[in-house]
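The chain below stands alone, shown as structure tokens; this is the form predicted alone.
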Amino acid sequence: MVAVLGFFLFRVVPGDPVVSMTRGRPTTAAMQAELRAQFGLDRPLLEQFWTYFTGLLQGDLGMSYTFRRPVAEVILERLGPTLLLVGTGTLIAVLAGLWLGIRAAWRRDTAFDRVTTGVSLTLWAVPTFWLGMLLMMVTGDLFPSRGMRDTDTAPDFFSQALDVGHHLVLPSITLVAVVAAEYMLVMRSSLLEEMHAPYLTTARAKGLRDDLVRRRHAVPNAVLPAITLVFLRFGLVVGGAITTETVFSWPGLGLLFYDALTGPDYFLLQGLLVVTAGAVVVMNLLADLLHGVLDPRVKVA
């Protein structure tokens, strides 16, 4: 279904791949026709789909018009930077968002709760690209705002790692600000629903301190929706990183998706959609398995 939808959906994207490839170069109509024949774009749509679909079943994602290389190679090449950015941002966002959500819910209606909830709602509503551009304006030349590394950095590992980390600061803050706000609001809402549950009253009646009631009983039951959200978010690495990687020219899958859309590079778009859908399915499966570990009731069901 993903392959079918992706194939026909991207065919309605405005633009001609051959015109994009030959833009700015002296090209005749015959040369453009030859390129269309080379990439199979002159064939009937259903024939193109059948060729793509049978190739996909054999693990072939096709050939990128833009890079003139197999799509699988191009995606694998860009996967590392995206995993670095999204992995770093997700780790920080999970720790910050869950901690803030737990603290705000347990101290409901205090100044801390009102401030953190207000800031989170604001950040959640802010467009990611706008936040990224705002951060670039505020920080000025303090952090690099384009690319993943400088060309004049020394080749040794320590210098390269420091350079990548320096470039990672602004994209990570942009991702963390939006994602952590979402985790905070979900965790706060989930914990508020648990706070008046009878088993917490029983735990208090047994003489447990308030922080132990929260840590041992309330949080483990309230954290399940947040965990599901974390895994779903991580599966949507391409969609979530498109705007951030485009604003900061981070050479990952998000920027690759944006570049493929400007073509349009059909096979590359279809390959990215298949990879994204596969990642979402895998992450959903991991979330379901983890639910069984964290909540024995799920395992029994």
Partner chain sequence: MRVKLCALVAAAAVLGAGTPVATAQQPTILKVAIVQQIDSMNPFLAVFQSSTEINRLMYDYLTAYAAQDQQVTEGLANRWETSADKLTWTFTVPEGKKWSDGQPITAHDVAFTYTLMMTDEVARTANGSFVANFESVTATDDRTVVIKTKAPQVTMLALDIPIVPRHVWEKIPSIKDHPNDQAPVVGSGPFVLTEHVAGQFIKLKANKDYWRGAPKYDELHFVYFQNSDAAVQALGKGEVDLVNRMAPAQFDSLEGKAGVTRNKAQGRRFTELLINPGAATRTGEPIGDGNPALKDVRVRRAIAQAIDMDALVARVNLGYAEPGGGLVPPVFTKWHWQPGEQEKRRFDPAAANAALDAAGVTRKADGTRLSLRLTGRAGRAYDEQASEYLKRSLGEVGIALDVRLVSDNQLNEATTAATYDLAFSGWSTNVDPDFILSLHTCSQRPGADGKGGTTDAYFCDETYDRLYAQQLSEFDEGKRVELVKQMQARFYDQVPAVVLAYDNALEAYRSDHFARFTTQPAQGGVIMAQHGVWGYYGAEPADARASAAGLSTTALVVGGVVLLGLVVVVFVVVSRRRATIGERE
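Only a predicted model underlies this, so the values are computations on that prediction, with no experimental measurement involved. Residue numbers count along the first chain shown, from 1.
Below, we turn to the form predicted in complex with its partner chain, even though it does not appear here.
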Original post:
Within 4.5 Å of its partner chain in the model of the complex, do we find a heavy atom from each of Asp141, Asp163 and His166?
Top reply: yes
**OP:** Flag Gly271 as yes or no: does it have a non-hydrogen atom within 4.5 angstroms of any non-hydrogen atom of its partner chain in the model of the complex?
**Re:** no
Subject >> Leu57 within 4.5 Å of its partner chain in the model of the complex, heavy atoms >> reply: no
Original post:
Quick one: does Arg146 come within 4.5 Å of its partner chain in the model of the complex, counting heavy atoms only?
Top reply: yes
Original post:
Does its partner chain get within 4.5 angstroms of any non-hydrogen atom of Arg78 in the model of the complex?
Top reply: yes
Subject >> Among 223 to 231, 113 to 121, 197 to 205, 92 to 100, the region lying within 4.5 Å of its partner chain in the model of the complex by heavy atom distance >> reply: 92 to 100
Subject >> Any residue of 34 to 68 that, in the model of the complex, places a heavy atom within 4.5 Å of its partner chain >> reply: Glu34, Leu35, Arg36, Gln38, Met63, Thr66, Phe67, Arg68
